[in-house]
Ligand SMILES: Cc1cc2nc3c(=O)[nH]c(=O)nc-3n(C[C@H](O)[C@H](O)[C@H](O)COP(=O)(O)OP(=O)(O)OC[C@H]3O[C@@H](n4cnc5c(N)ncnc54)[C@H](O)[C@@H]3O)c2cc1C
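Presented as structure tokens, the chain that follows is alone, the form predicted on its own.
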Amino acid sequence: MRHVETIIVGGGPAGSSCAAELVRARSDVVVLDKARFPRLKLCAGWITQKVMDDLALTPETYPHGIEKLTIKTHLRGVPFAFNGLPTVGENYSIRRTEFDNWLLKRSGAEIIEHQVKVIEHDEAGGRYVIDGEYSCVNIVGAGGTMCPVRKTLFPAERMKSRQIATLEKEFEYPQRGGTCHLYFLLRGLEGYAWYVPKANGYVNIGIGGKSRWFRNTGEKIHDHWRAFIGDLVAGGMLDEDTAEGLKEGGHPYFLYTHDGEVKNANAYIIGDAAGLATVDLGEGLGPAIESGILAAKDILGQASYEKTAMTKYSFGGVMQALARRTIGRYHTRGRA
């Protein structure tokens, strides 16, 4: 059996950010992931200025395509008179298949292709044992919403009420427009839809909403997807032949609440495994990277990893204050 000081289960942005911090401190760390990178990852690929700062990244130093976003916001199908979102700093789009692979390689950590199935906690020995093949002092769960570390080592939470369901598609579409469009409360959907242009002629189109809303109303997310695609065709943003051939995919994730632990003994959960997407916009990449870095600093004895330390809102300024008043309390008190 191989022993490592820290094993990170999952090599996405949360896991790779955690690994990079540990490698820089010359700490013994291995990343286990069931997939081989680069791999497909459905995601709007929106990264904020804070993400860029946390990663010490600039558009010039990123080796793949990155697009600075000009954003047009629509409410109930009606465009706002102003452009942009009230977030702090610039916004960019990347392709996750490139971004995740680059981040993981940049971490400098050893990466092993391995699907984690059984995790045991040897309390007497102070170790976690994975599939009888690996053992470690610290284990970090970065395996997304179905992370085996969370499912095995953390108490079950009532997470369905804050679950977000999504459908999206990323594809090459050279004739795409250069503006990012965000649609809030489209046809009453408790969520939003997006049209995000990416570098090198790619675009990501998607729709997401609260699973609870779909259950309570009887609405079907696939119906909203088809209606949204129809809107894009009618608006000249997508041609009929391309729209006809789109095969969407989706995945669930969870919005932030104060409920639930992110550290249990020497076990940690980060990113989507901890349900850290922002309350207002469901941003997942920023909190994933932030949590990975902070968990690593906790392991190194440099900081304390606590859920309350995570960024909860993507909006800044007046819009954040409004979000706190309208939806913030509902989520952060754990009743979402």
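Predicted model, so just to flag it, every value in this text is computed and none were measured. From 1 onward, residues are counted along the sequence shown.
One more form of this protein exists, namely the form predicted in complex with the ligand; it is left out here, but the text below deals with it.
The ligand in the predicted bound form comes within 4.5 Å of a heavy atom belonging to Phe37. At least one heavy atom of Ala142 is located within 4.5 Å of the ligand in the predicted bound form. Among heavy atoms of Pro148, some come within 4.5 Å of the ligand in the predicted bound form. Using a 4.5 angstroms threshold between heavy atoms, Leu42 counts as touching the ligand in the predicted bound form.
The candidate stretches are 71 to 79, 95 to 103, 222 to 230, 240 to 248, and the one lying within 4.5 Å of the ligand in the predicted bound form by heavy atoms is 95 to 103. Residue-level contacts in the predicted bound form: of Tyr173, Tyr195, Tyr253, Phe154, one residue has a heavy atom within 4.5 Å of the ligand, and it is Tyr253. Residue-level contacts in the predicted bound form: of Asp298, Glu67, Glu290, Glu283, one residue has a heavy atom within 4.5 Å of the ligand, and it is Glu283.
Along 108 to 129, a non-hydrogen atom within 4.5 Å of the ligand in the predicted bound form is carried by His114, Gln115, Val116, in order along the sequence.
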